[in-house]
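Take a look at this single chain in structure tokens; it is the form predicted on its own.
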């Protein structure tokens, strides 16, 4: 599985399949602080990502 982190930009490879929650735990990221995107679509936390998945993880940015 190819994981593209944003801010800072970094590409990582993980063996799958793996749940979004497990992936974020491996990356030491909080689910509430990031968006997980696959094929242009937000991925829910309980989804399982296949070995051949390519996902992007972006930080949540809020403004006012």
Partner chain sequence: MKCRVCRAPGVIDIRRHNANFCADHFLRYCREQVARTIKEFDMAAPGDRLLVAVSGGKDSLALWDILLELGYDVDGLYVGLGIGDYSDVSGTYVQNFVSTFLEPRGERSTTTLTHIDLRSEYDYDVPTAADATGRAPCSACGLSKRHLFDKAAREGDYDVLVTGHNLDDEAAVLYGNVMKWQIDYLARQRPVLAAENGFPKKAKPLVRLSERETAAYCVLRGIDYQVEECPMAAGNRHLEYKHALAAAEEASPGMKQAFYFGYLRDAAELFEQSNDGAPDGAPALLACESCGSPTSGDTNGQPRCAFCRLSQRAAAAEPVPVELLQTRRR
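Residue numbers count along the first chain shown, from 1. Keep in mind it's a predicted model, so treat the numbers as computed, not measured.
There is another form of this protein, the form predicted in complex with its partner chain, and it is not shown here; the text below is about that form.
_Contact with its partner chain in the model of the complex for residue 58, defined as at least one heavy atom pair within 4.5 Å: yes or no?_
Yes, residue 58 is a contact residue.
*asked:* Considering non-hydrogen atoms and a 4.5 Å limit, does its partner chain approach residue 37 in the model of the complex?
replied: Taking the distances in the model of the complex, the answer for residue 37 is yes, it comes within 4.5 Å of its partner chain.
*Is there any non-hydrogen atom of residue 4 lying within 4.5 Å of its partner chain in the model of the complex?*
The answer is no: residue 4 has no heavy atom within 4.5 Å of its partner chain.
*Would residue 50 count as a contact of its partner chain in the model of the complex, using a 4.5 angstroms cut-off between non-hydrogen atoms?*
Looking in the model of the complex, residue contacts with its partner chain do not include residue 50, since no heavy atom lies within 4.5 Å.
_Any residue of 36 to 55 that, in the model of the complex, places a heavy atom within 4.5 Å of its partner chain_ = 37, 40, 41, 42, 43, 44, 46, in sequence order.
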